[in-house]
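One chain comes next, on its own, written out as structure tokens in the form predicted alone.
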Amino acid sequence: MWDFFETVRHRHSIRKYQTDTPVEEEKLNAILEMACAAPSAGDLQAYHITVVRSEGIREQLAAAASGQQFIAEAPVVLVFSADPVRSAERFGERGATIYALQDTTIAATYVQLAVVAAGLSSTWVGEFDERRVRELLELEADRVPLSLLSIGYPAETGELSPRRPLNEMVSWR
């Protein structure tokens, strides 16, 4: 098992999965538990996660995501949806428009790092037809799908992409 810094350094997008190796239920549950461990505004956890194992639905999600076929090939796809109504009940408009989105993406990030720690790989997908994803998953009208996370055992090693140097992204005052 890697420490946190190694886990973060080894996280990169994988678009080829071992199609004959399913993700074990124990690992998937442990990964999903990490979403619950993520911080959220007011501890409201204003998000919902849909676990998609169905090959037919994964294929339709791939089509809804501009034909990104690796989504269909991954044994599991997690769809993270914001729940702005839940956040708005406590925080009003800011909760609905900002906090629920932050809560959802923080949870997805925790899950993405847990995937690496569990020996799996993933790719975060933000490009998709929101209306179509909503229909496919029969999401409640007030839920907003924000990201798809394909998960599986990697069939490629992938390469870490170059990162901007800190001095371009960090200011000190």
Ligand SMILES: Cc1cc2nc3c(=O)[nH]c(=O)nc-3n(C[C@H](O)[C@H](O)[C@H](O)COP(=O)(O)O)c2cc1C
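Throughout, we count residues from 1 along the sequence that is shown. Treat the numbers as computed from the prediction; the structure is a model and nothing was measured.
The following text describes the form predicted together with this ligand, which does not appear among the structures shown.
S.K.: Give me the residue from Thr50, Ser40, Gln68, Gln60 that has a heavy atom within 4.5 Å of this ligand in the model of the complex.
M.R.: Checked against the cut-off, the match is Gln68.
S.K.: Heavy atom within 4.5 Å of this ligand in the model of the complex: which of Val125, Ala64, Ala108, Ile31 fits that? Just give me the one.
M.R.: The option sitting close enough to the partner is Val125.
S.K.: I need the one stretch from 40-48, 23-31, 113-121, 126-134 whose residues put non-hydrogen atoms within 4.5 angstroms of this ligand in the model of the complex.
M.R.: Within 4.5 Å of the partner lies stretch 126-134.
S.K.: Classify Gln18 as contacting or not contacting this ligand in the model of the complex by the rule of any non-hydrogen atom within 4.5 angstroms, answering yes or no.
M.R.: Gln18: no contact with this ligand in the model of the complex.
S.K.: Does this ligand get within 4.5 angstroms of any non-hydrogen atom of Arg164 in the model of the complex?
M.R.: Because no heavy atom of Arg164 falls inside 4.5 Å of this ligand in the model of the complex, the answer is no.
S.K.: Even though the chain is shown alone, can you say which residues of 97-114 have a heavy atom within 4.5 Å of this ligand in the model of the complex?
M.R.: Sequence-ordered list is empty.
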